[in-house]
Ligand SMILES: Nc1nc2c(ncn2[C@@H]2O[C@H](COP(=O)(O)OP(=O)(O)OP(=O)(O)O)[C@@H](O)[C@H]2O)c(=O)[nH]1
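For reference, the chain that follows is the form predicted alone, supplied as structure tokens.
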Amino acid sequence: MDELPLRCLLIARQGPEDREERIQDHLLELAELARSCGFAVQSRRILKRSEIASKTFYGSGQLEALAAEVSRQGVTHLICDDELRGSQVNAIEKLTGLICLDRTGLILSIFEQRAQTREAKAQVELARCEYELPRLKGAWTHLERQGGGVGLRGGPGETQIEVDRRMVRTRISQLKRELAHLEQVRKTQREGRPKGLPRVALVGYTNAGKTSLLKALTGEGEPRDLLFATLDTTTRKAWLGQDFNPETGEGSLEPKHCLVADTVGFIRKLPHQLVAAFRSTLGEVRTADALLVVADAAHPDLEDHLKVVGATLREIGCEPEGIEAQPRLLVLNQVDRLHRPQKLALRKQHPGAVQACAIEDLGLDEIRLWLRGLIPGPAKPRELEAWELPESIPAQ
């Protein structure tokens, strides 16, 4: 008999400067994250508060009222869209009687469920350790007053905290050494790949259809309608067709190929611990010859998603311009869900993008044509769009 999913309540703070529509969008995404982690979302609430409470982040009265409201609904978890300190999580749990997770903790839990390979598991464990290290103090406050006696400077609670911190720091060092070794292995694998084949990385917001595009281009991949379905980089060979014009006889009959790598998706407020821990995996993006930036054309937050992708690419070292800038092609996926006026508006806003549908093979010929242009050399420079520029960092 299958166990029923745990019920959760989602909350987010709205300050005086925050638009309610933006907070609602964040809560909708948080709901998708919660479902991806196996929770059943009971309800979502916005807590309006002008200032952040140092102890509980949200207002204690607001939290108590929510806890009383959901106490008879079987809710066991409170998931917050904001990043909380460990002491704030502990205070909220004591006040409400609910298990509390912040956004970073929820994303880490999803990554822990998805990790399959040795490298992915080590990366997620490293991110978890670095996330938990500053939060260890609150776990032992019940022992802090057990010290006493002449000549004692601290109680067993303080001792236990230091023991735990030392153990976590030791584990962090071990994981970093292991990941450095795995990064060297990955580098050796990249160097051993066939010469002359362009290496292209699929990047984009999570669940935008990158794996679907990988399957359409290479015939391999297992698309799933889940946030962060892909954690491990998958590289496959794609057939690009021939550069031969039968009317003029120009070109070559020899088929052209490239290597396409599917990578972990991005998301707003992506925990910095995960960005750092997944450095070797994201190295496939930094060292690729070109990037296919995949976006869900039908998503209402398309432009915001593109800004998040642009900011994250810069964070991992992929600059949009300069000598080492990689050619980029924006692929607006899932245009089959749009009406003609919407497609025309997108064409006007993103004239250099390819409108595609990976499932129905729409736009693939245009993508292959662009990829074939990489083989004799890099693609021609193009005018950068607003989402790629440094000033387009998204508002949190």
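The shown structure was predicted, so the numbers you read here are calculated from the model rather than taken from an experiment. Position 1 is the first residue in the sequence shown; the rest follow in order.
Another form exists, predicted together with this ligand; not displayed. Remarks below refer to it.
- A residue is said to contact a partner when one of its heavy atoms sits within 4.5 Å of a partner heavy atom; L33 fails this definition for this ligand in the model of the complex, lying far away.
- At least one heavy atom of L226 is located within 4.5 Å of this ligand in the model of the complex.
- Mapping the unseen interface onto this chain, Y205 counts among the residues with a heavy atom inside 4.5 Å of this ligand in the model of the complex.
- Remark: T233 does not count among the residues lining this ligand in the model of the complex, judged by a heavy atom distance of 4.5 Å or less.
- Residue heavy atoms within 4.5 Å of this ligand in the model of the complex occur in exactly one stretch of 307-315, 89-97, 210-218, 270-278, and that stretch is 210-218.
- Note on contacts: among A358, V331, L371, L63, the single residue with a heavy atom within 4.5 Å of this ligand in the model of the complex is A358.
- For the candidate set K48, K343, K55, R337, a heavy atom within 4.5 Å of this ligand in the model of the complex is found for exactly one residue, namely R337.
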